[in-house]
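This document opens with one chain alone, in structure tokens, the form predicted alone.
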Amino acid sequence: MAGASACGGAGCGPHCSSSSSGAGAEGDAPAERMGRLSIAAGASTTTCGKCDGGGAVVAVSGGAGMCGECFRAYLFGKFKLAVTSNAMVRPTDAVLLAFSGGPASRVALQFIHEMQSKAIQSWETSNSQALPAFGVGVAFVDESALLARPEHESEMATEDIKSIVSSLSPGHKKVHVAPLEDVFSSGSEDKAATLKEVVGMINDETGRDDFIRCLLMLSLQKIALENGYTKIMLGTCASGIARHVLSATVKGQGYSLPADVQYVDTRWDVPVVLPLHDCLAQELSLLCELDSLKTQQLLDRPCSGINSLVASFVSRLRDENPSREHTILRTAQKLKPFSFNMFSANGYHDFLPSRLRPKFQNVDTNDTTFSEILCLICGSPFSESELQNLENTKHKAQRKIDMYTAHCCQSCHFQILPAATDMYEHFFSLLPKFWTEKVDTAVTASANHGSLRDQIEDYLLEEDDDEN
């Protein structure tokens, strides 16, 4: 699957393959499903809190009750508001949806399909046909090389996903199925063996889990770049972000945490957007039940280490109070985001509703210039101490391997890099070239800049000479 998220089966992350066994029995009548999922007899109301209609009512976060139609509108409204208010999708965009088959990615696919269908209808009925309808593609990253599962299970999962996507019309949606090991160099004799070897060199259980997530993001970026997509849409929801907030805090990733909890992330070559940012995993699973949206969990890689412990802890908090996940998310959002957590007005202004244009016109262009140094492996922005260590290494490094290690954040140093330093060279030689070549390019550019500085140094005026 496109990775497993610490969701306890809710399927809330971009790489999550956990899901309910099939969004309920498809043979159930809508009224029967509503009755099965309705608020218990002891609830304070059995009428919808939105339309005051009668009939069965489902519970949402905060204990409020809604009928099925209002519940769908409630979740779609959150999704659409996140997309429009953060300028996630332009008419000229080609959006790649990371799909695992879990409830979150399934709802994201359904909602973006509905938005695309409306855009196509508007374009067809428009006299000028000036703004085209954005395109949508679906990506599925197959992790079966790490799961030791029979090949036919992977084939069944792929066929399931293709059938789900093909059932959505209008709007053609191409399905991209990529084995996780494809991120490694084409020169590798056996990419699957390389994947297993490099993962096996990581001693820390949490580090292995996080490393695989990094490979999943790299795989999505590779698919998007090779096929001309301009955005990557993930199914990460509020529940998944809440778990990430706690796990990142435990791992000592507090400095980079604000980068991971926003709606938009442009630090990658292809920007990443999170339209389900404000939706809970339970709500998304419930919608799949109500609408009989087909999900599947044939290939499920459970999370491990700290990620697993945090998932269990948040699950207990949710059982006590369903609003705890939103509370964690709102607290983390008070942290100052990085410059790459928004789209600049350049290229977006003409496609924005008039009420949103001032939001982008008032952005200081100096603040939106991307200048962060990112970790070679996980992509986290460097803190001051990590930047200082990198600068010191540049001046005294004798080997390329020293620059590679200096371009890794402290969390990756402790959790992902091998414990024995004499294994570093072999470890970095196995990593995807997409990562190491970026460091090679940066080192070469820095060396050329230094050489140019040395060449013109004799012609520069000293301050004393300038005053005379």
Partner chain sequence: MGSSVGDGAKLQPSREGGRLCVRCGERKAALKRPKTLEQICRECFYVVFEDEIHQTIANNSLFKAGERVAIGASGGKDSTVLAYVLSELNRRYNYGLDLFLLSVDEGITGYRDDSLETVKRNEIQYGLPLKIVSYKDLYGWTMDDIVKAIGLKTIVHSALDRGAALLKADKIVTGHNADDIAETVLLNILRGDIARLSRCTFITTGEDGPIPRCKPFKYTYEKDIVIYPFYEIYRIYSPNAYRGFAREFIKDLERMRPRAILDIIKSGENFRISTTTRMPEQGTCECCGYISSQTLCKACVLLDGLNRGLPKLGIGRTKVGAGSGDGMQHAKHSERNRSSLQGKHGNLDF
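Values in this document were obtained by computation on a predicted structure and should not be read as measured data. Positions refer to the first chain, counted from 1.
The following text describes the form predicted together with its partner chain, which does not appear among the structures shown.
The shortest heavy atom separation between Lys334 and its partner chain in the predicted bound form is within 4.5 Å.
In the predicted bound form, its partner chain sits within 4.5 Å of a heavy atom belonging to Arg316. Although the partner is absent from this view, Pro150 stays clear of its partner chain in the predicted bound form, with no non-hydrogen atom inside 4.5 angstroms. When contacts are judged by a 4.5 Å heavy atom cut-off, Gln253 counts as touching its partner chain in the predicted bound form. The partner is absent here; in the predicted bound form, the one residue of Ala108, Ile161, Met115, Val245 having a heavy atom within 4.5 Å of its partner chain is Val245.
With the partner removed from view, the residue among Phe134, Phe76, Phe338, Trp268 that has a non-hydrogen atom within 4.5 Å of its partner chain in the predicted bound form turns out to be Phe338. In short, of 278-286, 161-169, 100-108, 257-265 it is 257-265 that has heavy atoms within 4.5 Å of its partner chain in the predicted bound form.
For the partner-free chain shown, Gly305, Ile306, Leu309, Val310, Phe313, Arg316, Leu317 of 303-317 come within 4.5 angstroms of its partner chain in the predicted bound form, judged by any non-hydrogen atom.
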